[in-house]
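Heads up, the chain below is alone and in the form predicted on its own; it's given as structure tokens.
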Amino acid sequence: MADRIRLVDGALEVPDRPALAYIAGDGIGSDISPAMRRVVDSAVEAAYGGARRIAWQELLAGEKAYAECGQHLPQQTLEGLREHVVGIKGPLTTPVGGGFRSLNVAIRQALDLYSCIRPVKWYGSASPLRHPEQLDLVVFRENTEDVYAGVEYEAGSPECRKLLELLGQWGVGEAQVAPDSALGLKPISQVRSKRHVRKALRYARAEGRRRVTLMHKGNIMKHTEGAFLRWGYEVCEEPEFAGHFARQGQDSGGRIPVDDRIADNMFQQILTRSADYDLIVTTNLNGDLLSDAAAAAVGGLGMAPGGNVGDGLAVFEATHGSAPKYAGQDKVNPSSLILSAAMMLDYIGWGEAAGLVRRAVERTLAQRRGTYDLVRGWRAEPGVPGAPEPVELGCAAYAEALAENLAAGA
């Protein structure tokens, strides 16, 4: 009999047989979601010998939801995610340039999952870096505001013309904003910035991270990104954190140092000085761009996990798209969703099972067994003396290989 996870005074109460919500996802979600559940179930069995077990509860979103109930994101799905407290989802298709707004963003905003956590770690895939093993960082991306707030107006619309008129009254002329512009707002608030930084600092303490870097473009956007930087440093001075973190310019005295980097410089720093960075805290758009760029250095989005976390509620996810042309071909790499599930296991306090999943990924890639994208990368690299010949596996077979290595490592 499954029981739901409960949120009591901000802390999770997790039963031994929790009901966990999952959204299969569009496109390749039909391939990678079963692979994820196969690996997670094996990890839980290997770690706890039947004393713990997950009851998977499917919720509908995306194309499957639209086909069954005429909505891409039914209200009952959002209510189900709230009731289950913790969930995981495959990729959901978002049209470009028209149609409905991103379902991923809609879920984050509706549930107030205000911090997106994106670990970046090399597990053995091909990499453009000479030393990808040196890149082991976490990107903390604010999830609810910035340009993703969705406050934008089509060029020529009545709303856009009114906003242009208002800007003109404030002295903003055509030299700054052309009359045929589309307009969007970039809200960055003190409340939401500070709660995001607080969550990142708590994570840094709990996970033993050695350095925190605030990433911003405050040299240009002084009242939005510049304010984010200032508010971030103010959080470091709060009583909860002052004894544990030292802001830039202070003597650390054994505390975790907190410094900052301008966004464009940060992109080159993670490549040229990979080992120097550990936890990067930033705004929404910056975090979106940086986390994907960093993922490319350790094997691409197919190897990139992620989770969206609020005050207790959490939804973990594949960080890549739905790739509909590959759907049903049993071809794609499920590692992103599988590693996101490992984050979910950590989140509910089942760290033993999470560790088995990650070690299984490392072992399987060390054996050079992987899906087509992994094999293609290995074959494009210079030959490694003594390395086994890459073996290409389908999505389900790759999950079976992980389960085999997982059981062997238990």
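Throughout, we count residues from 1 along the sequence that is shown. All values reported here derive from a predicted model rather than from experimental measurement.
The next section is about a form of this same protein that is not shown, the form predicted together with ligand NAD.
Between ligand NAD and the residues 270, 164, 301, 204, the one pair within 4.5 Å by heavy atoms in the model of the complex involves 301. In summary, among the residues 187, 312, 128, 324, the only one with a non-hydrogen atom within 4.5 Å of ligand NAD in the model of the complex is 324. Contact annotation: ligand NAD lies within 4.5 Å of heavy atoms from the stretch 368 to 376 in the model of the complex, the single such stretch among 38 to 46, 54 to 62, 368 to 376, 344 to 352. When contacts are judged by a 4.5 Å heavy atom cut-off, residue 306 does not count as touching ligand NAD in the model of the complex. Mapping the unseen interface onto this chain, residue 89 counts among the residues with a heavy atom inside 4.5 Å of ligand NAD in the model of the complex. The closest non-hydrogen atom of residue 357 lies beyond 4.5 Å of ligand NAD in the model of the complex. Residue contact check for residue 28: one or more of its heavy atoms lie within 4.5 Å of ligand NAD in the model of the complex.
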